[in-house]
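In structure tokens, the next block holds one chain alone, the form predicted alone.
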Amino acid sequence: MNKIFGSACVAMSLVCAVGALGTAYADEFPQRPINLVAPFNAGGGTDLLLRGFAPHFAAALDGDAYVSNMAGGSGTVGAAALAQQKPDGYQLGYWSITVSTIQPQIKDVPYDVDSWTPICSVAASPTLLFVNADSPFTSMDDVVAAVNEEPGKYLFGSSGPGAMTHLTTVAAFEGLGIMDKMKHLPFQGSGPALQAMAAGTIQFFGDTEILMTKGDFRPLMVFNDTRLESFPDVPTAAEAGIEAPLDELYLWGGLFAPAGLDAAVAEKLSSACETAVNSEGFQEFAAKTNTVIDFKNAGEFETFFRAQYEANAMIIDAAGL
């Protein structure tokens, strides 16, 4: 036999053997319970969502799944630990936008954009920039005119540097070219910040619709690709003059596995995620908790995640983080 031809046959045999092993592994998966890591304390929003999701995810896999909490470092302790685990599909983390795309770009953590195999997104809520209901500002044109007239007068608040509330306001004012004329006042949480806005200490804040509707506030724009059905008169950031990629910003979360997970297993997990998200039980849970479901399969989530990582790098730079 020709040596080159023989080598090619051997190589093809190895490829086929590896492929067969991967398919067989996926067919038998899972053979033990799957650990869903919540990188925050028990009782928080992420923890509650995962615990509402886990039984439906387990049923879709015809297996078992449980939630474990690994809090610390604004979510980075759990993410750093999972990044070092074997990519076998039995250890998954539910990371938010901040854990997966913000923290690794502002902190020295042992993971980055290439550390994960995205499995699926579960929920996503666009953020809005808003003011008090009695504010003199009724549009972003009003805001830009006032800030240009009196630079340094107006303050925006956040729940902390690098938080989604911070990034939303930075995207707004950087996108409209007035960031250098604004002042940032960070707080320890959204509650104190909104109290400060009610008192007139700060004039602007950014968060999701769920939080905004809990107070007497007026939205000026939404960081979404379309207007919200609940606020049809509120323009999108793009309509307000903000260009991509700063015009869309979502508080999202989804499942990740360590990088290197077998593609067939990833697909099986992604399919189970879709089944779980669409299940009657999880739909009822989402309705009760005001969870905005936004499913993306593994391929869609991979593309979305990488685009978000790049876009948020620009906001981080503008925020001086």
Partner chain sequence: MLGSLPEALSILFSLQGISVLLLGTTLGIVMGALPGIGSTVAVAMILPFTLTMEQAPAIMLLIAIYAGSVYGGSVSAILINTPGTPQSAATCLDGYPMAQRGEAGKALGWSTVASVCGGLASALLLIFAAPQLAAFALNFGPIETFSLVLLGLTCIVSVSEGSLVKGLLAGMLGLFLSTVGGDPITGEARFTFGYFPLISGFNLLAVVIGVFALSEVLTRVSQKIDSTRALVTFSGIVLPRLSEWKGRVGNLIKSVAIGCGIGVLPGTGAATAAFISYAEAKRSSPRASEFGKGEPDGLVASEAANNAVTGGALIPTMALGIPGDAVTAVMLATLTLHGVSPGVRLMTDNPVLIAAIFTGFLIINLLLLPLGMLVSKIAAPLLRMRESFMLAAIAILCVIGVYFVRGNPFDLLIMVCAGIVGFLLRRQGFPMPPLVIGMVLGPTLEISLRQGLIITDGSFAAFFTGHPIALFLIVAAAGMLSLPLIRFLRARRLKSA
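What you are looking at is a predicted structure, and each value in this text was computed from that prediction instead of being measured. Positions refer to the first chain, counted from 1. Under this definition, the rigid core comprises the largest set of C-alpha atoms superposing within 1.5 Å between the forms.
Keep in mind the form predicted together with the partner chain is missing from the figure; the text below concerns it.
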Of A123, L92, I242, L194, the one that lies within 4.5 Å of the partner chain in the predicted bound form (heavy atoms): L194
Which residue among D114, D233, E229, D108 has a heavy atom within 4.5 angstroms of the partner chain in the predicted bound form? D108
Identify whether the partner chain in the predicted bound form is within 4.5 Å of every residue in the set A83, A238 and F282, based on non-hydrogen atoms. no
Please check if A199 has a heavy atom lying within 4.5 Å of any heavy atom of the partner chain in the predicted bound form. yes
Mark D225 yes when one of its heavy atoms lies within 4.5 Å of a heavy atom of the partner chain in the predicted bound form, and no otherwise. no
Would you please decide whether A71 lies within 4.5 angstroms of the partner chain in the predicted bound form, comparing each non-hydrogen atom pair? yes
Is L155 close to the partner chain in the predicted bound form, meaning a heavy atom pair under 4.5 Å apart or at it? yes
Determine which one of 75-83, 139-147, 173-181, 115-123 lies within 4.5 Å of the partner chain in the predicted bound form, judging by heavy atom distances; exactly one does. 75-83
Within 4.5 Å of the partner chain in the predicted bound form, which residues of 307-321 have a heavy atom? Give them in sequence order, or say none. L321
C-alpha of V277: shift of 2 angstroms or more between this form and the one not shown, rigid core aligned? no
